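Form predicted alone, single chain, as structure tokens, below.
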């Protein structure tokens, strides 16, 4: 399987229970969204939107004049996101497509982008290239994800690997999962979360 196919297969098995499992990390999701400092009227990209759990807080931040652009490659996750948009009546405010990060084409350049627990996307150069080129110069980025503990903790990193493996095709690539994005940003900042097993970061797309 390609990494994309493996990711789709893994999310196929977990899509039905995803929202319940993600409840624990909702405070971290909201904290990451806050790093975007969204303003009314902004256009924000939700990278690998999953079931659309970020839509409500993103829409609240960008207001009636703002817009959320979103894509998801997992058919099962995408269908839940599509149903959420229809149920909430967000069709005019959320642009949503079933697509891969490597080749999705956005309808307009975005002011900001949320990368919330999309490890495989942040570790794929073609995906990062495609997404960042469609953001406005100076666009604000916020990232949340898992990482390994410091190297000297040794066996603890087995826990990080085990927690990442059920969802991602690259569960061992956790040493610096932000390093494809950070060099392309100005003012990149990063903080550890979850006792060192996670991180959040922000920056601005370099012109």
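Since this is a predicted model, take the numbers as computed values, not measurements. Positions refer to the first chain, counted from 1.
What comes next is about the form predicted together with a small molecule, which is not displayed.
*Asks:* Among 133-141, 105-113, 87-95, 70-78, which stretch has residues with heavy atoms no more than 4.5 Å from the small molecule in the model of the complex?
*Replies:* That would be stretch 70-78.
*Asks:* Please tell me whether any heavy atom belonging to residue 199 falls inside 4.5 Å of a heavy atom of the small molecule, as the geometry stands in the model of the complex.
*Replies:* No - in the model of the complex, heavy atoms of residue 199 and the small molecule never come within 4.5 Å of each other.
*Asks:* Consider residue 128 of the chain shown here, and say whether it contacts the small molecule in the model of the complex, taking contact as heavy atoms within 4.5 Å.
*Replies:* Because no heavy atom of residue 128 falls inside 4.5 Å of the small molecule in the model of the complex, the answer is no.
*Asks:* Contact with the small molecule in the model of the complex for residue 99, defined as at least one heavy atom pair within 4.5 Å: yes or no?
*Replies:* The answer is yes: residue 99 has a heavy atom within 4.5 Å of the small molecule.
*Asks:* If you check in the model of the complex, is residue 147 within 4.5 Å of the small molecule, heavy atoms only?
*Replies:* Residue 147: no, not in contact with the small molecule in the model of the complex.
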